[in-house]
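Only one chain is shown below, in structure tokens, and it's the form predicted on its own.
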Amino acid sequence: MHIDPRKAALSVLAAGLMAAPAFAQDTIKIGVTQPLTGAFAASGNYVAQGAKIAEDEINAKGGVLGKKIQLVIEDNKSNPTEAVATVEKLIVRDKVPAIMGAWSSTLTLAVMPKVMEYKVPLVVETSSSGKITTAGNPYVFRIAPTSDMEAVAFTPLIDKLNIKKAAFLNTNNDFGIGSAKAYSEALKKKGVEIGVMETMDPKATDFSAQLTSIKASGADTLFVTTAVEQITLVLKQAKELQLDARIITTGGSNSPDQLIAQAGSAADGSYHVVFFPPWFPDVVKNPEAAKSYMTEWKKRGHEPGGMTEGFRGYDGIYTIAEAIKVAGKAEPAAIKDALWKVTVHGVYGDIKFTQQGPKGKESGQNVPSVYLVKIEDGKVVNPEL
């Protein structure tokens, strides 16, 4: 089901000396920081794989400004401190004029001061915390929806799903906390009773205490926000505890195909908010872009369940490449200015940026589409609501 969210530390001298050769090269480097290891590794690798598809497609078409683009991909290890280190390396050592990252909201919030310090634009492909585009960082451009956008888009379905009492189980970080806040507020406005609100550490594997509390609360619907690894475990443990509540995952990092493969029958009956439905590519705004991405993903033998994450990296790199083209040069300041002018016909929809944040320090925010799917009998279906 388609939902329209619109309804709903270098010295100045040293920097100057290094700047000249940085952009006089045969390739145009683009930095990428993703969690390739650690708690969010599955999703981060999918995003990196999608980014590489975009890199190859762009280069096969002649590159940008007569040069090939070259991705420099760094592993932030699902750790905020490591994420900051990767961004510093990409800017200082690799001289990238733009960066894509960093998947988790906590990771992205950690690197934002660094891109502002060095004045290098950051295209955010995944993170949903509202703080990212309201903090007053003019070097941030997010193509993913915020948690608030997602919750507003979901609002028309509250009555259709007949939600009367909701409980929450979310990862205890900016991603999970922001999503629970946005959804609970949207539900309250529709008269839904909010029951228990439980959290979990991003590395936790046992949720029996939280799920027992949720079961005792009598909630008819449980909203879960975390990465796919933990969602798998939550679904399995909820079945073991015979939890009757309908489970809805939010945040778009749920990979229903992967959940089917890993959770088996425990995934049946669950609903999932996604930002790209590869099972129904014809319903998206730009089906040709979606089909091109999907064809190459399958051709490369990538994990089918990763398609709902990989497209983020695909669109992110196309967005940066288009900005470089519009800028006419691969320099950070010019790319930053050009990002306000681009329109990219991507898998996310038509990517273009509106202003969010304090006047004079606005960040860029795209308004993509949001979809709700359901798992029935081991298959992803478009729910009839």
Partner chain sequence: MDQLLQHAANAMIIGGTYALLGIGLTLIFGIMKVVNFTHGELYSFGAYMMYAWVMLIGADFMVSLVLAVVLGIALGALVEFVLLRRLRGADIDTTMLVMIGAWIAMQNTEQLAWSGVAKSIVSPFPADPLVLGPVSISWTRLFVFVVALVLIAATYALIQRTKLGKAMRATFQDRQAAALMGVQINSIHTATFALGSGLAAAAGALLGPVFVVYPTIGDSASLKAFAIVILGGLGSIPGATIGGFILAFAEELGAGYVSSGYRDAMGFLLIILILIFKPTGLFAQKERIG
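None of these values were measured; they are calculated from a predicted model. Numbering follows the first chain given and starts at 1.
Missing here is the form predicted in complex with the partner chain; even so, the following discussion is about that form.
Of the heavy atoms in Val192, none are within 4.5 Å of the partner chain in the predicted bound form. Put simply, Lys203 is close to the partner chain in the predicted bound form: some heavy atom of it is within 4.5 Å.
The partner chain is not shown here, and in the predicted bound form it never comes within 4.5 Å of any heavy atom of Val283. Contact between Lys239 and the partner chain in the predicted bound form is found at the 4.5 Å heavy atom cutoff. Of the stretches 209 to 217, 142 to 150, 310 to 318, 283 to 291, only 209 to 217 has residues with a heavy atom within 4.5 Å of the partner chain in the predicted bound form.
Contact with the partner chain in the predicted bound form, judged by any heavy atom within 4.5 Å, is made by just one of Ser270, Thr232, Thr133, Ser127: Thr232.
Site annotation in the predicted bound form: the residue of Thr37, Thr354, Thr27, Thr343 reaching within 4.5 Å of the partner chain with a heavy atom is Thr37. Against the partner chain in the predicted bound form, the set Ser184, Ala245 and Val380 makes no contact: no member has a heavy atom within 4.5 Å.
Shown without its partner, the chain has Gly38, Ala41, Ala42, Asn45 in segment 38 to 53 as residues with a non-hydrogen atom within 4.5 angstroms of the partner chain in the predicted bound form.
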